[in-house]
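We begin with a single chain expressed as structure tokens, specifically the form predicted alone.
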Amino acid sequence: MDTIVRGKHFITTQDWSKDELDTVFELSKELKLRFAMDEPTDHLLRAKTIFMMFFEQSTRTRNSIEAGITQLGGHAHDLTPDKMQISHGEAAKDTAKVLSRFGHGIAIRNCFFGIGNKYLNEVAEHAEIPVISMQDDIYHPLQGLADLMTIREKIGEDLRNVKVTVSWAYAMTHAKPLSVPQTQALLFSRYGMDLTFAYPREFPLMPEIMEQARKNAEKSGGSITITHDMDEAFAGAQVVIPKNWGGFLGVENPDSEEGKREMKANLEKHKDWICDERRMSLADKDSLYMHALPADRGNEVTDAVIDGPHSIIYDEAENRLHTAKAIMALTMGGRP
């Protein structure tokens, strides 16, 4: 199967079959075991190069890709627009064609609303090597893989009818992309989970994404429920993932000054959307708390929860490394 995905782009999990995704999880598990045992894996991508193009800041994604390819025997170039001639107006086509002649993979993070995913797809259209999304305005597939790997480790590989709640939460730091919850909707629904999405009415997810997630759930035997009540969403949940996302779809032009003011006003209405000990008490007694990080402590979640016994955020973060290695090994290389 690995020869089938060699050279394949990874921009959304929806473009990969469930068999292909299962292979990613199998390889991630193997690579994690080898890492724990300090067994070298530097033969997998020896002397291969990935170009990391970051239009935004990053901690987990940047370091999991760079550490990951180093452990696989390759090298990462850490690029930002100011280090490239993108800042001079170079076309995505030209960037894609040139980098394809220099290396073996292109990884891009561009989360600008209405721009990011289009840019990634334009690069992918012209690239002759695999393009890997490190997050855009619609999808964050690498985060989704790490999330699902972690749930499989904690609950088991048969996730049918496991109750997972993905909830909006209040945050002050910045208007976060829709990409994490939308990727969770698309990926988790492939595995038969019973998913609940909770958010204030001003903070919807993209309807076309949620419709595709519903189709995935119908096929896998799972379900999708939407509520605007955070307490209702937490009731009986086995996994809770409360995280902020922006109200980009609720205003006419989110990039205008008027749009930004409207989003800020909408945000301030919902300061009570916080994951605290009371809400965790509504969930299953053995529930798991997850967050992609960075968390807005004191707004999205209390310290008592994120540092408490239900939290598995650092296991989740660690799995960013192993799933990233699996994607690179399968798309850029050959057999382990």
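Fair warning: this is a prediction, and the values are worked out from it, not measured in the lab. Don't overthink the numbering: it's just position in the shown sequence, from 1.
One more form of this protein exists, namely the form predicted together with ligand CP; it is left out here, but the text below deals with it.
In summary, among the residues Arg34, His310, Arg60, Lys48, the only one with a non-hydrogen atom within 4.5 Å of ligand CP in the predicted bound form is Arg60. Of the heavy atoms in Met280, none are within 4.5 Å of ligand CP in the predicted bound form. Shown alone here, Leu293 lies within 4.5 Å of ligand CP in the predicted bound form, counting heavy atoms only. Ligand CP in the predicted bound form comes within 4.5 Å of no heavy atom belonging to His104. The shortest heavy atom separation between Arg109 and ligand CP in the predicted bound form is within 4.5 Å. In short, of 154 to 162, 223 to 231, 138 to 146, 190 to 198 it is 138 to 146 that has heavy atoms within 4.5 Å of ligand CP in the predicted bound form. Of the residues in 296 to 325, only Arg320 comes within 4.5 Å of ligand CP in the predicted bound form through at least one heavy atom.
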